[in-house]
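Form predicted alone, single chain, as structure tokens, below.
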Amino acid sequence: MHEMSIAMAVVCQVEEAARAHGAEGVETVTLSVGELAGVVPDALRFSFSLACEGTVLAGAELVTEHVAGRARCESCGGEWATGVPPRLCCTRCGDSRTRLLSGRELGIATVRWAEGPQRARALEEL
């Protein structure tokens, strides 16, 4: 289950950022997850809750933002939703010379810090 290694990496990165910003805790971590990234959101949430135990992230919520897969044909310029499993040949002309535009994302989008009287200050793009 690679979701656990992803969760542990996220916790490590957010812990480092929390120390750098003097944050007392973390309320929410939001991840952008592409539908073609090969990540199961429920398994990631479960792994995240385990990885947070005993850290500054203990009790933090993980929110996942779905990023749809999209592709563009290099021949005719057509764009389409790839779906899962992905359709990588052009839906307009059938050409296979295509480029994936989105759907493979996997990253921290936002972190909401918990800081005493200034609770829930959002930090964009770690």
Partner chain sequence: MCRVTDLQQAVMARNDDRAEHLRAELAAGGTATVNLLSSPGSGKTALLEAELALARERGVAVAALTADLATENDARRLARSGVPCKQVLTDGLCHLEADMLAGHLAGWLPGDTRLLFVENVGNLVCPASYDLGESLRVVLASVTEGEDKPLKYPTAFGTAQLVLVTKEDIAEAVGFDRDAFLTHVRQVNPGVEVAFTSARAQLGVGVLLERALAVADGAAAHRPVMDRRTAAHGHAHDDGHRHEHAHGHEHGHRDGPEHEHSHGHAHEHGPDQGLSHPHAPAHVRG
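Numbering follows the first chain given and starts at 1. These numbers were taken from a predicted model, which means no experiment stands behind them.
Just so it is clear, the following notes concern the form predicted in complex with the partner chain, a form of the same protein that is not shown.
By the 4.5 Å heavy atom rule, the three marked residues G34, L50 and L57 all fail to count as contacting the partner chain in the model of the complex.
Among heavy atoms of P86, some come within 4.5 Å of the partner chain in the model of the complex. Of the heavy atoms in L100, some are within 4.5 Å of the partner chain in the model of the complex. When contacts are judged by a 4.5 Å heavy atom cut-off, S75 does not count as touching the partner chain in the model of the complex. Interface membership of S96, defined by any non-hydrogen atom within 4.5 Å of the partner chain in the model of the complex, is confirmed. Residues T98, R99, L100, R104, L106, G107, I108, A109, T110, V111, R112 are the ones in 98 to 112 with at least one heavy atom within 4.5 Å of the partner chain in the model of the complex, listed in sequence order.
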